[in-house]
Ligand SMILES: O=C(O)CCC(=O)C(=O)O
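We begin with a single chain expressed as structure tokens, specifically the form predicted on its own.
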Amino acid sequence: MIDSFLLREPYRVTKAQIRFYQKYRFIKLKNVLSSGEIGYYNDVISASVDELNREKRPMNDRDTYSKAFIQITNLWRQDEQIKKLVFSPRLAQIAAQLMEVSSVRLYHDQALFKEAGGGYTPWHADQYYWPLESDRSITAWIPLQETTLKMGALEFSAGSHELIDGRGLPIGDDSERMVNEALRKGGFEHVIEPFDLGEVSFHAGWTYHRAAPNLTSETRKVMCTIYMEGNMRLKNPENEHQKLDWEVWCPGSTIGDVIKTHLNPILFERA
């Protein structure tokens, strides 16, 4: 067990960083977590993923989505130490400041482990899957090791939250091809950089992003926490994925009402 000091302490987000996020709807922030915290959570989250992972097929027998990563969700309900990371006031405060909202709730968490030799993650926007009434959502992407380009560091399309084309596409080969073409025509800049130890990125629900294959012999381990504005309301789902998310992540919520189930606690509220 580790005394996660930084998980509780405020992080200084500058006005320039908030402006950058508001313009491009992504940002990378250094030294959000310490090397000790990253090492500890690498071990703890890896153990949970190993225990809960049911994907046993060889890589060649999987589709594009399954090759991209092992995905294990709501780990905060499985382990009290992981809950401390997911419920971190420090991370939630950053999310609220970047979105310029007074409070944030948990939508859900997920571990994304891109195995050695794992395939590419196609261009996509997360909010295609989410039955959320507004765009005030944000994901903290927390690498559990230094992440090189060869491991499949996250790539962002700066300002692509303004792109409407592709919003009806689930992640897959079609989204990779069609979104890539729409981004090219729109002249959106692609930003891909390695992640230092302790560096965390934040991106909005409608920001298009992707990741290259993992060309190394190590698993690229990432933990994500997805936040939504504290007064987020449930919208009428527009596809089958949003219906499923409603059932899994917002059980008992009513269309048009604030999403405030036992799975969606407030994680930060400005005093």
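Heads up: residue numbers just count along the shown sequence, starting at 1. Remember, it's a predicted structure, so these values are computed and weren't measured experimentally.
Quick note: we don't show the form predicted together with the named molecule, though the next part is all about it.
- Note that among 238-246, 32-40, 49-57, 206-214, the stretch whose heavy atoms approach the named molecule to within 4.5 Å in the model of the complex is 206-214.
- No member of the trio 82, 90 and 199 reaches the named molecule in the model of the complex with any non-hydrogen atom inside 4.5 Å.
- At a distance threshold of 4.5 angstroms between non-hydrogen atoms, residue 195 is out of contact with the named molecule in the model of the complex.
- Not displayed here, the named molecule is kept clear of residue 105 by more than 4.5 Å at the level of heavy atoms in the model of the complex.
- Mapping the unseen interface onto this chain, residue 95 falls outside it, with no heavy atom inside 4.5 Å of the named molecule in the model of the complex.
- Proximity of residue 141 to the named molecule in the model of the complex falls within the 4.5 Å heavy atom cutoff.
- Scanning 75, 182, 112, 99 against the named molecule in the model of the complex with a 4.5 Å heavy atom cut-off leaves one residue, 112.
- Just one of 175, 121, 147, 137 comes within 4.5 Å of the named molecule in the model of the complex, counting any heavy atom, and that one is 121.
- Contacts with the named molecule in the model of the complex, taken as any heavy atom within 4.5 Å, map within 63-79 to 69 alone.
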